[in-house]
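This document opens with one chain alone, in structure tokens, the form predicted alone.
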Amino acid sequence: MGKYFGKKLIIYIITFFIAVTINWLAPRFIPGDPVTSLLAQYQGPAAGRQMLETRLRTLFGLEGSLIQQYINFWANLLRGDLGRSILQFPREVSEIVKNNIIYDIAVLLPAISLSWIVGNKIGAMAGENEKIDRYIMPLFYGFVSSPYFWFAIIVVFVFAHSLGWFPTARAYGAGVRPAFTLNFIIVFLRHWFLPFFTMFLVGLGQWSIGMRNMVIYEIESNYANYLRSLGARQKLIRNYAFRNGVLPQVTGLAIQLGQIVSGAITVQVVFDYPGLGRLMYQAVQQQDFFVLQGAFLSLILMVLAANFLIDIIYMFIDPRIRLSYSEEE
């Protein structure tokens, strides 16, 4: 198993290096110069403007060649310095990202985990129950075929505008101050529910359809027919079918994490809900290089860490993986 972890760790380090490099390069291809934008309202003498521009470029690490900027970027990153926001100067990017990422965690973790658990359960039932398959699964096909932003708009129209049950935007009301009180928790949950519900329903459709197809395949497989010929109960066959069918679902969770995170970005924009998605959207509009880099870097770390964790879990739930690496050692 030591070899397994070592190989996986090397792969993830290389992936991280490539992804962060692309993340550093991408904002620099955006037209415009952020320092020039900052100096647009400067009214002082030309000499003062030139001195200020030099200081700003040094402060933001934009002086010298691209190679020198790239080296400085990695040196700062390894010290935990993500730089300062250009348009929210002098706020540090790490502070801005930290204040937004908690909202991503609050929405994504419960939406992904609950949709995966509930979706697999419903999909398994649909795979062996014709009534559930006929009457419930078409609804889930509608969920999975809907883009996140379109589904978010429908949810807002139905539950916020038509029924008036939930607010349409922000993490809490404009006049509410964050505090660990029952009143604030209720307000926060009312604003949180619609972004969570949107992510949950789309994910529910994906996992239920996948598990339904896997269970149908497993129930008709050779080992299932063999168990029936031996007189095994249907419950035992169903349990084996679920255990074998859930393995590709774990792999699918690792593969689709990036897609789920990108869906969260559009949901946050529709609901004007704080998080890294909305932060990146604003940073692109405002040409704030460092906020964009910091937000992307956080998403890269989240996706890679989640994939690494899923790889480890997969090794423990699939004895064939454990056996293969034990034989190698």
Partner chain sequence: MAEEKTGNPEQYTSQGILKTVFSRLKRNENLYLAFTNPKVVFGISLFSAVLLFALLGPYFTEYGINEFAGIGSPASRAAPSGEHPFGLTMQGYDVFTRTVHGLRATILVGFVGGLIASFIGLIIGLIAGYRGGMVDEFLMGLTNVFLTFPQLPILIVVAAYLPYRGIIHMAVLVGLVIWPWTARAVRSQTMSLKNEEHVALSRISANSTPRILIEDIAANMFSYIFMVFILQYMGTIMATVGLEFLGLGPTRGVSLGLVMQHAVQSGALYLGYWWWGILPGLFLMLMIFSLYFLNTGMDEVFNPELREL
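Because the structure is a prediction, the values reported are computed rather than measured. Positions refer to the first chain, counted from 1.
Beyond what is shown, the protein has a form predicted together with its partner chain; the following relates to that form.
**Student:** Counting only non-hydrogen atoms and a 4.5 angstroms cut-off, does Tyr141 reach its partner chain in the predicted complex?
**Tutor:** It does: once its partner chain is placed as it appears in the predicted complex, Tyr141 has a heavy atom within 4.5 Å of it.
**Student:** Just to confirm, Ile154 within 4.5 Å of its partner chain in the predicted complex by heavy atoms?
**Tutor:** Answer yes; at least one heavy atom of Ile154 falls within 4.5 Å of its partner chain in the predicted complex.
**Student:** In the predicted complex, is there a heavy atom of its partner chain that lies within 4.5 Å of any heavy atom of Ile255, even though the partner is absent here?
**Tutor:** Although its partner chain is absent here, Ile255 would touch it in the predicted complex, with heavy atoms inside 4.5 Å.
**Student:** I'd like to know if Glu92 sits close to its partner chain in the predicted complex, meaning any non-hydrogen atom pair within 4.5 angstroms.
**Tutor:** Heavy-atom contact with its partner chain at 4.5 Å: absent for Glu92.
**Student:** Using a 4.5 Å cut-off on any heavy atom, which residues of 143-170 would contact its partner chain in the predicted complex?
**Tutor:** Stretch hits, in order: Val144, Ser145, Ser146, Pro147, Phe149, Trp150, Ile153, Ile154, Val156, Phe157, His161, Thr168, Ala169.
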